[in-house]
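For reference, the chain that follows is the form predicted on its own, supplied as structure tokens.
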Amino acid sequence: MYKYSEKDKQFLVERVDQFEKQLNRYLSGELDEDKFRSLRLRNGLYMELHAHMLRIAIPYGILSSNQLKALADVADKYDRGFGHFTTRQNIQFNWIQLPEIANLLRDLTEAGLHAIQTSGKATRNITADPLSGLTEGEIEDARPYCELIRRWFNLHPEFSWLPGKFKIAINGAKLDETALRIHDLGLRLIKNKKGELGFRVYVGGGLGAAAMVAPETASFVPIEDILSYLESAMRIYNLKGRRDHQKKLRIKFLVRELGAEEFSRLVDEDWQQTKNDPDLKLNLKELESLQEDFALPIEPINLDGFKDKVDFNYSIWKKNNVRNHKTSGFSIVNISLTKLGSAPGDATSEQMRILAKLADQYSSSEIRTTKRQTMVFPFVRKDQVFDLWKALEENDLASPHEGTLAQIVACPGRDYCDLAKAVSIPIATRVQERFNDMNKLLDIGDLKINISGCENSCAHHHIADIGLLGMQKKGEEYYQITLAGETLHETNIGKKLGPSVSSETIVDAVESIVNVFIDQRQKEEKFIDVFKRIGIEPFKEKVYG
């Protein structure tokens, strides 16, 4: 995995020193709230319901065991002993005291971690498939491109004050684990008819109150020209994007207003003027060096004759949590943080240290985070999977819920966030309690539930099989239901089921939807298959009578 150089770390130290000076000015009253707000947001610091929340970047979702240990230390020293892994592969701490923030950031620099541009109107942390480099059929590992593009656009002077936040995702795998087309800009690695490597580009996706699927703006951009193309796309956004309407800041509104064809034309017109600039050509030597940094730390091993252990609980966990690896003799292990009564994505400092220790022992000291708020051990020998499971089981981390209805994705909701209209965590707990039977979960199969506490859609409820959106009606909490959102094979925004459902009856509604699915499915159909075949009416009838 890529590690920050001493030059990188020195830059981070200088950045913290600069921020600390501004923080001290604010605390002494020299800097007013409006001016400080912009500074703190660009360093990942939000003012939430009870305290300040800090969002720390995990570029393309990769952590070393030492970095996870450093996050555990932050949880104990500056928070309340836990952190929250998000749907954008980052981690958030929800109980940060403002005078301590500079010391916290300084501690992170030692581990090559930071919070730069994890908020604010700039390019955010770039996300990638958590299985990059691990699966068969991949065009190419996306992570080196993520790193090069991150370097280019972080703190880019022309794009540091965009009309709104700007989220980028890159994928080279067969399946779209990154949800490319719900991002401001999505890049898919492809090969053209000549076998040349490049990117298909999608611009103008996003969820929130106006969910949109990004249209294709370029069918093929050669890899060496991707920086100039991205600059042109962002330049058109910077020049023409709305800055006068708080709810229309994102690039998706510009693309919708202009139309995808006209937006693409404007980008291409600008691009033709810059694409031959040698300074904007992707540095292929640097790319080659990064590809070496990201080379898998394992070699194929021959395990002929190996027979896995026979254990009922282990077999259930393995079925749900273990995936095939492209390297012979290895497996990919998903670790669910789901625990009844705890917030989806939350991990205690103790759990972080345990996972770091196990990653050292079983996964070449590497961990990856996912948009499902789970953790991945990418390099586990097949003959050690059982031993890993035993160790997880001993530490209450062997949840078999990955790939089941109980592996719920949720934002912190009204328990923590001052933007939220309704709670998320208690609803997730109630759903888990209703379906707290492993045999039933296995019978239901792969079914995804995502719960957002407001229309900002931090939990990506639009792209779940069953999405729940919290809202307020006359001071009471209600939930709007969407069905059949997807991104894995194609991208579709979930369809609104009907009137919102009260907090008291929302779990009954979820169960009714699940029962329709069970009753109507044929053979190995997934939820999306059933929905496409029977439509929305049977679900409506069951929920609303």
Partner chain sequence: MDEIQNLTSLINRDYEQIPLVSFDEWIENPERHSRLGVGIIIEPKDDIYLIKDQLEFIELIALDFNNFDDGRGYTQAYFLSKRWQYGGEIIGINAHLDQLQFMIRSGVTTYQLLDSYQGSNEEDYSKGFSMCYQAAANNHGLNLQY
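Positions refer to the first chain, counted from 1. The model shown is predicted, which means the values in this text are computed figures rather than measured ones.
Not pictured, yet referred to below: the form predicted in complex with its partner chain.
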| item | value |
| --- | --- |
| Its partner chain contact in the model of the complex: Ser28, any heavy atom under 4.5 Å | no |
| Contact test in the model of the complex: Ile139 vs its partner chain, heavy atoms, 4.5 Å | no |
| 4.5 Å heavy atom contact, Lys526 to its partner chain in the model of the complex | no |
| Non-hydrogen atom contact Leu249 with its partner chain in the model of the complex at 4.5 angstroms | no |
| Site check Thr135, Ser315 and Arg434: each within 4.5 Å of its partner chain in the model of the complex by heavy atom | no |
| Listed residue (Asp308, Asp293, Asp418, Asp279) with a non-hydrogen atom within 4.5 angstroms of its partner chain in the model of the complex | Asp279 |
| Proximity to its partner chain in the model of the complex, single hit among Arg381, Arg80, His156, Lys326 (heavy atom within 4.5 Å) | His156 |
| Contact segment among 270-278, 296-304, 343-351, 386-394, judged by heavy atoms lying within 4.5 Å of its partner chain in the model of the complex | 270-278 |
| Contacts with its partner chain in the model of the complex, stretch 11-25 (heavy atom within 4.5 Å) | Phe11, Glu14, Arg15, Gln18, Lys21, Gln22, Arg25 |
